[in-house]
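Here we start with a single chain on its own, the form predicted on its own, put down as structure tokens.
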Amino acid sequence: MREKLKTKFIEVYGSSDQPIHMYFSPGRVNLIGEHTDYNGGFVFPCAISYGTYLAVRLTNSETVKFTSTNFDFTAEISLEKISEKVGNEWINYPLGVINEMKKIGIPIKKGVELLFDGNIPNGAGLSSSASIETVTAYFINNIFGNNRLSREELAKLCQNAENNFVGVNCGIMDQFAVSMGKTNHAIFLNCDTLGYELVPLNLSGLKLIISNTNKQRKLADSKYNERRSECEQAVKALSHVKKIRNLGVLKLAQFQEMEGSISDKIIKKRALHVVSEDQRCIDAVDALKEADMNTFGRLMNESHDSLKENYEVTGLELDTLVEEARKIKGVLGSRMTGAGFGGCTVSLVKEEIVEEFINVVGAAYKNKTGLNADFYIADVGNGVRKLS
């Protein structure tokens, strides 16, 4: 992959005596704990083997050049204008990071040629945007910042870039997972305090299969904002009984004692999902520590069912992939992952039935939806890094 990218880089930018630096930032899949991050709850993601490669070469010019193998749009921007947004183009993700780095005194001090190459499907809910942001931040910190910032600081900076520059009101999970990931570990993250634990993920005899619906997620952004608002309404109603800052501070038993203060049935269902999902996240960590993969799979199933019934963010395509997966003997659990309304599912599958899973689920999905699903067998890998 590196040699291929280096060849492409020279094809785009030409040869030079300057070295080409290579970086990689993974995507992430959230194993359990969905729509809990912006409610101050727990999430349980891991970094995956798919991600964004970045080739970098310093120049004597006063411009930064942006090219991607995934998008047609290219740009050359002067260092003076590097803080300006460019329409709705993909380069706003690295530009936002460059802007945040400049604010804290780590500017790009000379010309740079950048070539991005990603193998995460765009818009699938596997954090392609966070991957682009984080690989950009890592290279700037490495070349211009003398590695001053920690991985945790890089994650926060990239979240700020997406919130403030790109204008997407995302939580911290995506950037944190792709920054802090570790091979064969998942990250148990408290999104309220940013306290975290790396939990061993022993998949011996099992595979994580990511299934992409290939449905455009047109509803995801508007419904995401709607769900955030509904959760805020739940907090307001519950605070008449006990003052709380977010749903993540409540245990399930506490919520059950207080839920009568929420008169709206829809708002109550939204809150129930968040609080019960938090508990499932805690239980999933315990299951992994006990190497109890059957319980882990059951919790994945319960998570999807709550996202379908209580949070209502799944839809025909995601539900079909999950339903067909669960019919196959040797599938321990299957659930949607990401914002919903399209995107991907993640399934825990016995290694010997992987081919059967892909063939049977793919055919049934095509038959029911008319769409072709894509399947990715994901290894659990390290976070952002420089490639030697």
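One-based numbering along the sequence shown. These figures come from a predicted structure and were not determined experimentally.
What comes next is about the form predicted in complex with a small molecule, which is not displayed.
- Checking 32-40, 45-53, 344-352, 60-68 against the small molecule in the model of the complex, the stretch whose residues place heavy atoms within 4.5 Å of it is 32-40.
- Proximity to the small molecule in the model of the complex, taken as a non-hydrogen atom within 4.5 angstroms, holds for one residue of Ala161, Leu115, Cys281, Met173, which is Met173.
- Checking Tyr224, Phe255, Trp90, Phe165 for any heavy atom within 4.5 Å of the small molecule in the model of the complex turns up a single hit: Tyr224.
- The small molecule in the model of the complex is approached by Gly338, whose closest heavy atom lies within 4.5 angstroms of it.
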